[in-house]
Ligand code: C2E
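As structure tokens, one chain now follows by itself in the form predicted alone.
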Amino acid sequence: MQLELIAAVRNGEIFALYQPQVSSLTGELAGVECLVRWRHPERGVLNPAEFLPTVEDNEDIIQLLGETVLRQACRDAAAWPGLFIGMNISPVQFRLPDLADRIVAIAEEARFPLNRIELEILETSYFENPDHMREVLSGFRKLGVCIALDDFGTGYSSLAALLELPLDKLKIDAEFVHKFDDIRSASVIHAIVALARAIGLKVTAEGVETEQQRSFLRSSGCHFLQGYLFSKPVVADVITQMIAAGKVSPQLN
């Protein structure tokens, strides 16, 4: 699998899809999350869960995949005025001593503004090496890069991470959104939003699939929404069409 992935990058089989993130108040497209896919010649299009676990400890391959997708995303998003692109950064990538330099070089090559890149990190990355994580993220913040804490509420959910890391956004995991009509999940969502707003962070809710979820999350104070109600992950041309339409709404999909 590792050898196949290296060949896949060289053969152009690794590509990016984009899932919209919309304003909870207006429904307008605010940004996209970039998601990696592999167009396998025999098995069809593969999701990350089907191939990343086999290489998650291989720094060279993870780095190669991450840079390949970021390069495509920066080129595509350069034509999307004002939109941010969210990119997942794995704990393995944070071990690279020149991670920031590599991301800056790719963005400059595509002439894409650094302040429109949003790096999505997991809490596990923080607990692996807190001092190193703070140093790296502080460097990104000085460059204007935004930092989002992904899947919040499903991991350690440490207040230390919220207070010590230079964050801009929290992403509420889809697990809570799907169970929003359960009093416990609803209470968790309200608590996350209140906590985030208290320390000056934006909030994105993932996994939004129904109008009822959208209404609840909007009234709860979430800033951005992401999920199949608005769009599945799509190719760059579809994002361009959404921008031309001026809004994203369930009726468009």
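Quick note: we count residues from 1 along the sequence shown, nothing fancier. Keep in mind it's a predicted model, so treat the numbers as computed, not measured.
Another form exists, predicted together with the named molecule; not displayed. Remarks below refer to it.
Scanning Leu29, Ile189, Val203, Val36 against the named molecule in the model of the complex with a 4.5 Å heavy atom cut-off leaves one residue, Val36. In the model of the complex, none of the heavy atoms of Val55 sits within 4.5 Å of a heavy atom of the named molecule. Mapping the unseen interface onto this chain, Pro41 falls outside it, with no heavy atom inside 4.5 Å of the named molecule in the model of the complex. Though the partner is left out of this view, Gln93 does reach within 4.5 Å of the named molecule in the model of the complex, counting heavy atoms only.
For the chain shown alone, His178 is a contact residue for the named molecule in the model of the complex, at least one non-hydrogen atom being within 4.5 angstroms. Contact annotation: the named molecule lies within 4.5 Å of heavy atoms from the stretch 62-70 in the model of the complex, the single such stretch among 195-203, 180-188, 217-225, 62-70. Residues from 39-61 that approach the named molecule in the model of the complex with a non-hydrogen atom closer than or equal to 4.5 Å are Asn47, Pro48, Leu52, in the order they occur in the chain.
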